[in-house]
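Okay, so here's just one chain, in structure tokens, the form predicted alone.
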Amino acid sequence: MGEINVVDAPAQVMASEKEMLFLSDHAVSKKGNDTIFGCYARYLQAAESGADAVNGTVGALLTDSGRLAVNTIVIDEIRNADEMEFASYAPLKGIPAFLDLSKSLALGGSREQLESLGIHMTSIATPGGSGSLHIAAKCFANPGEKVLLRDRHWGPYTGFLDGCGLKMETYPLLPSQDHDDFPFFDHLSFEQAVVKLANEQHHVMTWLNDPAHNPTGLSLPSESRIELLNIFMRQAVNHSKVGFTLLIDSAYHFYAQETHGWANTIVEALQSGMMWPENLVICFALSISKSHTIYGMRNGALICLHPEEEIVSRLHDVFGVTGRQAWSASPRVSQHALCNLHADAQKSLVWRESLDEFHALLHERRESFLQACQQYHVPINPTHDGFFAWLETDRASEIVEACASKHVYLVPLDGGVRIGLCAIPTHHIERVAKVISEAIFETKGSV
């Protein structure tokens, strides 16, 4: 090897050349800022300058006064925790009572039915739903393999996969008119993609953000859920040497009309005689952020279901080691507080009543928005539940800029505009629809 002569090095080296000296190839590719937080910063700047600005950017529920909607009994339970609950580590896999609670939060009343049908389950505490996705990406696919997503999906999915050396395969969010046998689900494209991956890889994993899909607010009805499950189980049987993982990202399920629709669908499938292939695992990525309004506490869980207890036990160990290697242990105090809250029937009821009020607020905003879109001829996508609505367009940036010129701030993403109904005050809903309509016209007249 030659000796490096520092004296002879150029006085000025381009930043890209400098960073190559110490950053890995993977790290060098990481550039730019998060689109959503960038749009939120623009809103804040406008509001601070005195503009009558509307915030449709963030993915957190705000009241009509613009404050974060907080379920106060959850905060009270955290504040009342002993100092050791704040200061101590949690067990690496999570507090046992929290792990048990997470299964009930993910599965609802179907949990006992699933257990009675011979389904075993395990859970590990994670730093938010994002931690659950990280563990799934690390444990259920080999580097270089593809994970199946809808073509419209939460942007950070791509980063999670890339960070674990994975790629993505997509299928259409909505079926064409010729393939609309199942509402809001392109079953033909989905099955084709599953078969393609099964023929090319050792693992087939799909991440399905349902119900209350981010960024569209779409929720699959029961007939579409059962068809998707049928396809996945059928192809698992047809490719018995391939590992299949169906991951339900349930980040917003407490803001959906069918909160535990997926758990109910799995029960119905088993009761109808469907056999669970041994090479299939079903997972739920649970986020506590939205359901308990403690976004910054970073709590969630990955819950996995399988008929064989030995497999579930093995997964529990694998997840624990993976979490240890990534973040050690998840925050303790919020796990402790939620266990105390839900162990008390009266406190749990108060939590549920506040959650229902938040749900009703979102429903009111969505209904008002859909009516206003009809009034102003905005071709909004089908949207049912949760925090967002979606305008499909290949001119997202242009439309968002036109809206921003009138101080309505939205988020441009690949394929469309995300409209954060969760943040928009109810009294500004009609204004947002009107401004979107004007923006569409001003930037060529159609989406």
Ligand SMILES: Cc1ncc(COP(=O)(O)O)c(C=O)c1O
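What you see is a predicted model, and the numbers here were worked out from it, not measured in a lab. Residue numbers here begin at 1 and follow the sequence given.
Heads up, the form predicted in complex with the named molecule isn't pictured, but that's what we're talking about next.
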Find the only residue in G129, G323, G217, G94 having a heavy atom within 4.5 Å of the named molecule in the model of the complex. G129
Using heavy atoms only and a 4.5 Å cut-off, determine which of A251, I124, V74, V194 is in contact with the named molecule in the model of the complex. A251
So in the model of the complex, is the named molecule close enough to W154 to count as touching (4.5 Å, heavy atoms)? yes
Should S287 be classed as touching the named molecule in the model of the complex when contacts are defined as heavy atoms within 4.5 Å? yes
Just checking whether I303 would be counted as a contact of the named molecule in the model of the complex - the rule being heavy atoms within 4.5 angstroms. no
State yes or no: in the model of the complex, is some non-hydrogen atom of L105 no more than 4.5 angstroms from a non-hydrogen atom of the named molecule? no
Quick one: which of 287 to 295, 86 to 94, 141 to 149, 166 to 174 gets within 4.5 Å of the named molecule in the model of the complex, going by heavy atoms? 287 to 295
